[in-house]
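Starting off, we have a lone chain in the form predicted on its own, written out as structure tokens.
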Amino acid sequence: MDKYILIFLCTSLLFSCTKNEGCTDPVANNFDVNASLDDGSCDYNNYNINLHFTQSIESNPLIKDSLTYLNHSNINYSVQTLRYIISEIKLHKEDGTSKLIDSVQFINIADESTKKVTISDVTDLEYTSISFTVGLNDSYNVTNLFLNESFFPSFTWPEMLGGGYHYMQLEGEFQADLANGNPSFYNTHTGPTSGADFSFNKTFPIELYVINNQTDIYIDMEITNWYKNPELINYSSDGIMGNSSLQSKLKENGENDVFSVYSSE
């Protein structure tokens, strides 16, 4: 009898010391709640995040070179050139962790390749908000920092006005009376006038929808709102590059309702 008890005790001791092997990573598809020793078998879904940069006027997609849009003063205008920088694009989770998905993106409406970025092999999509900077903040906006980027040197900001880089170049025509006269040219160039930081940050809640292991996020610019709400701004042909007051007003309008974010279902 004692022999059987001894065998039983030894067997029990052996099994109690054995660790269950399996996948111990909670974000993996095959996470094993009973596993205490990771055996390298964890399996993950890899997702692609497609980040789209869109532009609209009165909630409709921008039509380039169309002198049919009306501003707050009922003056017709067109958009011929639109180039801008969005930086430090991050996705955030409720637990406070975040993922940088694009550090500096230069968007040029004349170049479709700049209007979409794909981030591959993302292992989870438990994100609830997205944030980004419009332009470049002080730590990034340093002359010659982006020598290898496509926007160098055409997007550099004059050294006499503080150096660094533009945030945006928005240009086109405007005309109060389409039946009479030739249109005037406007250009709205934003950047670090006199070395001041006129960049700004935006954060939006977001719900990501996955189709075939891909999710699409859209960052839209409502162009008309650069010139209104809360500050009414008229078109100018001088580029406003040296006008700190207008730079500040454009920043305020931009912070208010120029940008929106959504994810397609």
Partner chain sequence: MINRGILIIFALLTFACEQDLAPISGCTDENATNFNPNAVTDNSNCIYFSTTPYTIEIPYGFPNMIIPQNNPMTVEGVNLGEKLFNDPILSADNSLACINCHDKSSSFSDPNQYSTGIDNIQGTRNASALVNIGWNSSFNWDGSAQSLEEQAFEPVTNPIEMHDKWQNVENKINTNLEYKDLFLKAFNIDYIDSNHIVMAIAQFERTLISSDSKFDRYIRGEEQLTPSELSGYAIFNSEKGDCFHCHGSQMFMDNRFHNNGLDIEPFTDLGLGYVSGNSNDNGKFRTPSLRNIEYTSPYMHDGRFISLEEVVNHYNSGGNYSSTVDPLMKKIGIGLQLTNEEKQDLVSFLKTLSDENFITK
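Note that this is a predicted model, so its numbers are computed, not measured. Positions refer to the first chain, counted from 1.
What comes next is about the form predicted together with its partner chain, which does not appear here.
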{"property": "38, 207, 58, 238 - the one with a heavy atom within 4.5 Å of its partner chain in the predicted bound form", "result": "238"}
{"property": "Sole residue of 131, 187, 114, 87 within 4.5 Å of its partner chain in the predicted bound form, by heavy atom", "result": "187"}
{"property": "Partner proximity in the predicted bound form: residue 74 to its partner chain, non-hydrogen atom cutoff 4.5 Å", "result": "no"}
{"property": "Its partner chain contact in the predicted bound form: residue 81, any heavy atom under 4.5 Å", "result": "yes"}
{"property": "Contact flag, residue 137 vs its partner chain in the predicted bound form, heavy atom cut 4.5 Å", "result": "no"}
{"property": "Contact label in the predicted bound form: residue 161 to its partner chain, heavy atom within 4.5 Å", "result": "yes"}
{"property": "Residues of stretch 158-195 in contact with its partner chain in the predicted bound form (4.5 Å, non-hydrogen atom)", "result": "158, 160, 161, 166, 169, 171, 172, 173, 182, 183, 185, 187, 189"}
